[in-house]
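Take a look at this single chain in structure tokens; it is the form predicted on its own.
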Amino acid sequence: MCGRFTLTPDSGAVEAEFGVSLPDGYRPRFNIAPSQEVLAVVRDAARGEDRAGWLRWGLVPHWAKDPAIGNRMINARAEGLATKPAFRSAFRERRCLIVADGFYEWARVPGEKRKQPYWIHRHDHRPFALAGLWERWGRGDEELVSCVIVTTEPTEVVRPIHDRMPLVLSVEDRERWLDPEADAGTLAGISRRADGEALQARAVSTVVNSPAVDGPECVEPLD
């Protein structure tokens, strides 16, 4: 699964990587948690261009009666995107890139009840894209635009830590994921391959367990 992630580069590095202008309010984040606003890139089909904006993490399907359902919809298993009612419409029509430069996973410590957090990031610390879906929900004057992170089988780096991980997209797969004309076979292929060649894992402090802590101490290596 993916319950926390980071986006620590400055705005210039993010804009250069994704070729978009960032919305107001951007700042480096070290402990992004569910229900918070996350930076995402979506394809504007009418204009034929990509744009970046803020989405709330925790997908609320358009048919939901209560937006609180989003608290349980932070991850979507790649294997069920095309069939599960909460995700299949967004999978066909509303895919996005969720911008990150790392994510956290927790490993069980043998013989102990506690779990050890790890920060998983690129060797070069470049930002990357997590596959996501987005939805627009509204009732009366209330409107919410939300998203979910797609998860898949772990790569070799992540497998010793956790049995799931967010779907990290290669540069080539980013375009395919956003392509409104992408067919089901192409999308299914993308959802089965996480780009893990440049990833590495670092044990970090348990301060990251609290979403109230959002500073560089979250990613500092343990002694």
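Residue numbers here begin at 1 and follow the sequence given. Here the structure is a predicted model, which is why all the values come from computation and not from measurement.
The discussion below concerns the form predicted together with the DNA, not included here.
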Report yes if any heavy atom of Gln36 sits within 4.5 Å of a heavy atom of the DNA in the predicted complex; otherwise report no. yes
Find out whether any non-hydrogen atom of Arg72 is located within 4.5 angstroms of the DNA in the predicted complex, and reply yes or no. yes
Since only the chain is shown here, I'm wondering whether Arg174 would be in contact with the DNA in the predicted complex (any heavy atom pair within 4.5 Å). no
The DNA contact at Lys84 in the predicted complex, heavy atom, 4.5 Å: yes
From the candidate stretches 192-200, 158-166, 38-46, 179-187, select the single one in contact with the DNA in the predicted complex, where contact means a heavy atom within 4.5 Å. 158-166
Under the 4.5 Å heavy atom criterion, name the residues of 190-223 that approach the DNA in the predicted complex, in sequence order. Asn209, Ser210, Pro211
